[in-house]
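Heads up, the chain below is alone and in the form predicted alone; it's given as structure tokens.
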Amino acid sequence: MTRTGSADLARASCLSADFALQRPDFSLTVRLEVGSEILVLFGPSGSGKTTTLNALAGLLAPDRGQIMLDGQILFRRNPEAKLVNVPARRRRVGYVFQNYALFPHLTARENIGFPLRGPDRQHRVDELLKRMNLAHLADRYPHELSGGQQQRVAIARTLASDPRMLLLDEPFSALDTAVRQHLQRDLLALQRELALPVIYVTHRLEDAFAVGQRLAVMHDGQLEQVGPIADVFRYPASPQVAEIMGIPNLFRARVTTAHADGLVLDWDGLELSALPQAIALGSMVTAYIRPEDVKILYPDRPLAEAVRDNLVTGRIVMSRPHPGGRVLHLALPNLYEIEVRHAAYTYAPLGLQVGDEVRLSLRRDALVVLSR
């Protein structure tokens, strides 16, 4: 991508949203602060992600609350103040839809130029064609473009109106992996250049890690947790968030010992120790350990300090490749299964096969206990 040279492009914008919407079969409550970043709105279908974007864009009006962008009130409805509801066309909020929403009878050049008026219209379109690597496709119609090229046209058309914020609803979900990854890199570069708030909706965790700085996890119209992506993934605020994110190796256990040195958990007969935490004795908790933190032990090597706790025996019931190694599923003595991700350089020397029994360490320092 190349810079357009427009002085007003590099600016920092900020969104502040606090609103609620009630429908007969659905309620939505949103409270978000988004700066110059890509915030990923993540959750299952029907959780309210697209409805949130529609409210921010002005396509529907919440029942109460306020939406503010760069200090301007775009929407406000409360008993103490006059109603404010800036029309969608005047909000300067760019919205990229999942299905691209291109005009089929217009070329790429005409689609991009559709929102523009004035004598510099053609110059602006040429800038955007160059920025999005579309100059050689300017006179093609949507049906003559690939999915990735159509998505580039849709983004360029959105940028044509000089938006103060970008909303993207599952923008690359229909594209193959290579094209999706390329467009994700372009989006990251674009956000850095324009310094805009970007809200990117997806239900794919891989997309979230590829483009986002922060993650907002949504379920049944509620924001369950908002924070840096790595933090939310490693320390989900609740079992609900962990389940939404598809975190493996989740289990329920009872706290049988709780003191300053740590916790002891009973996982259906399997005793595990965990780091200290303020949880009452006898409580039922949700816990998990990441697959890469479960260590398979070499039978002929002394145990390192980090793997001396939570030693169990597991039998390999499934093995499949993954980038850099293998994913194993092992049956434990309590009849549950656990997932292990094993690097190729350590997997190969062990010569592991389905049916083999191995010793594992469910590392104490990596066992995460969720108190709710």
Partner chain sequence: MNWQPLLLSLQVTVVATMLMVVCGVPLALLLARRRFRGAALVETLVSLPLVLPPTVVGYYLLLVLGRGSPTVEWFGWQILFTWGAAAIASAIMGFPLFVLSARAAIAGVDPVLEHAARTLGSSELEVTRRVTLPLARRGILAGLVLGATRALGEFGATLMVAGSIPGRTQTLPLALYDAVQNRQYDQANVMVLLLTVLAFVSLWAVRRFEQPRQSFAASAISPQERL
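Quantities reported herein were computed from a predicted structural model and do not represent experimental measurements. Positions refer to the first chain, counted from 1.
Below: the form predicted together with its partner chain, not depicted.
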Would Pro248 count as touching its partner chain in the predicted bound form under a 4.5 Å heavy atom rule?
no
For Ala88, is any heavy atom within 4.5 Å of its partner chain in the predicted bound form, or not?
yes
Using 4.5 Å between non-hydrogen atoms, is Ala195 touching its partner chain in the predicted bound form?
no
Could you tell me if Gly262 has a non-hydrogen atom within 4.5 Å of its partner chain in the predicted bound form?
no
So if I measure heavy atom distances to its partner chain in the predicted bound form, which of the stretches 139-147, 209-217, 276-284, 71-79 falls within 4.5 Å?
139-147
Among Val93, Leu168, Ile289, Val125, which has at least one heavy atom within 4.5 Å of its partner chain in the predicted bound form?
Val93
Looking at Ala135, Val84, Val179, Ala189, which has any heavy atom no more than 4.5 Å from its partner chain in the predicted bound form?
Val179
Can you list, in sequence order, the residues from 89-103 that come within 4.5 Å of its partner chain in the predicted bound form, counting heavy atoms only?
Arg89, Val93, Tyr95, Phe97, Asn99, Tyr100, Ala101, Leu102, Phe103
